[in-house]
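Quick setup: one chain, the form predicted on its own, written in C-alpha cells, and binding and motion questions come after.
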C-alpha cells in the first residue's frame, strides 16, 4: 500500500484492516497442534527405543536381571565373531544383487506399460498386487514353488531339458532364490513410481525426437532415462537401504535359520537370533548399532555417486 493510499483511506478502514501477525500466530499454533500427535508418536516409538538400544550396547543386560556397564566389550565381541562378518557379507551380496536387478526390471516394466496404455491399465494392478500382500504369507507359496522334488520351478526346468536346482536347499542357490522372491514381491512399488515419473515427461520433447527419426531405444536411453534420473536415484537409495535391512523374506524362506550353511544369514536375521533366541540383548544392540553406521555410510556413498549422474531440470 502506497503512502497516498494510506492518506486517502478513512480512519475506520484503517482500523478494520486485520493485522497479519495474529493470523500467523494462529496458523503456527494450528500447525503445532496438528503435528504434535505425529511428533509424540515418533519420539515414543522410534527415537526413544533407538536411543535406548544404542545405550544398551554398552551394558550387559539379561531379562529379569540387572544391567552392568560393559564398555566396548560387546563391540569387540562382534568384531571377532565370524558369524557376524558372514552375515554382513551376505547382506552386502543381497544388496549387490537387489539394487541393479530392481533398477533394470522396474525400468523395463515401466517402459513396457507406458508404451501401451491399454496394457498399462490392465497390468498395473497385477504388478502392484504382490507388493500389498504380506511377505510371510506369500513366502509360503514360494516355498512350495522352490521345492526341489515337486516345485513348479524345477518342473519347468525339466520340461525345457535343464537339470533341476536345489534352490533353498543349495548354499549356492539359496541367496539368488531369496533375491528372486524379493524382486517379485517389491518391484511393483518401484514400477508405480517410475510410471508416475514417465507420465510427467514433456510430450513436446518426445514428439520432436520421434519426428527427427529417433527410435524407441534412442528415446529411452537419450531422453527418458536422463529426465527420470532423479527418480532412478531415489529408487536406488531406497532399495539399498531396504536391502541392508532384509529380514522378513529371509526369515520366512529359510524358516528362521539363515541356512543352508548360513548362506542366507543376513545381519538383521543374526541380530534377531542373538536377541530373541539366545537372549543376548546387549550383544544384539551392539551389532545393530554397527549395522546402522554401515547403512549411513553406504547411503552417503550412494548419494555421493548418484548426484554425479543425476540430471535435474
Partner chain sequence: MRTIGRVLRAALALALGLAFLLPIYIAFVTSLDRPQDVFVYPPHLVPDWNFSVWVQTWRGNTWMLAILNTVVIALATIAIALTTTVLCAYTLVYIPFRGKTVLWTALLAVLMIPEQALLIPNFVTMAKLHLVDTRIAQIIPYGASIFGVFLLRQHLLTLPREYHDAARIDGCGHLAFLWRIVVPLSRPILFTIALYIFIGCWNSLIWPLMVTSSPRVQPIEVLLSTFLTQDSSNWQGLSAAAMFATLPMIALFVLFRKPILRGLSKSSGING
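Positions refer to the first chain, counted from 1. Think of the rigid core as the biggest set of C-alphas that the two forms share within 1.5 Å after superposition. All values reported here derive from a predicted model rather than from experimental measurement.
The same protein also has a form predicted in complex with the partner chain, omitted here; what follows describes it.
- Using a 4.5 angstroms heavy atom cutoff to the partner chain in the predicted complex, all of 39, 130 and 276 count as contacting.
- Stretch 138-146 is the answer when you ask which of 89-97, 138-146, 74-82, 169-177 has residues with heavy atoms within 4.5 Å of the partner chain in the predicted complex.
- With a 4.5 Å cutoff on heavy atoms, residue 260 does not count as touching the partner chain in the predicted complex; it lies far away.
- At the 4.5 Å threshold, heavy atoms of residue 45 reach the partner chain in the predicted complex.
- Proximity of residue 150 to the partner chain in the predicted complex: non-hydrogen atoms within 4.5 Å are present.
- When contacts are judged by a 4.5 Å heavy atom cut-off, residue 284 counts as touching the partner chain in the predicted complex.
- With the partner omitted here, the residue from 103, 228, 193, 165 that has a non-hydrogen atom within 4.5 angstroms of the partner chain in the predicted complex is 193.
- Proximity to the partner chain in the predicted complex, defined as a heavy atom within 4.5 Å, singles out one entry of 223, 187, 107, 236, which is 187.
- If you take 246-284 and check each residue for a heavy atom within 4.5 Å of the partner chain in the predicted complex, you get 247, 248, 251, 252, 255, 256, 268, 271, 272, 275, 276, 281, 284, in sequence order.
- In a rigid-core overlay of the protein, residue 276 has its C-alpha displaced by under 2 Å between the shown form and the other one.
- Once the rigid core is used as the reference frame, the Cα position of residue 39 differs between the shown form and the other one by 2 Å or more.
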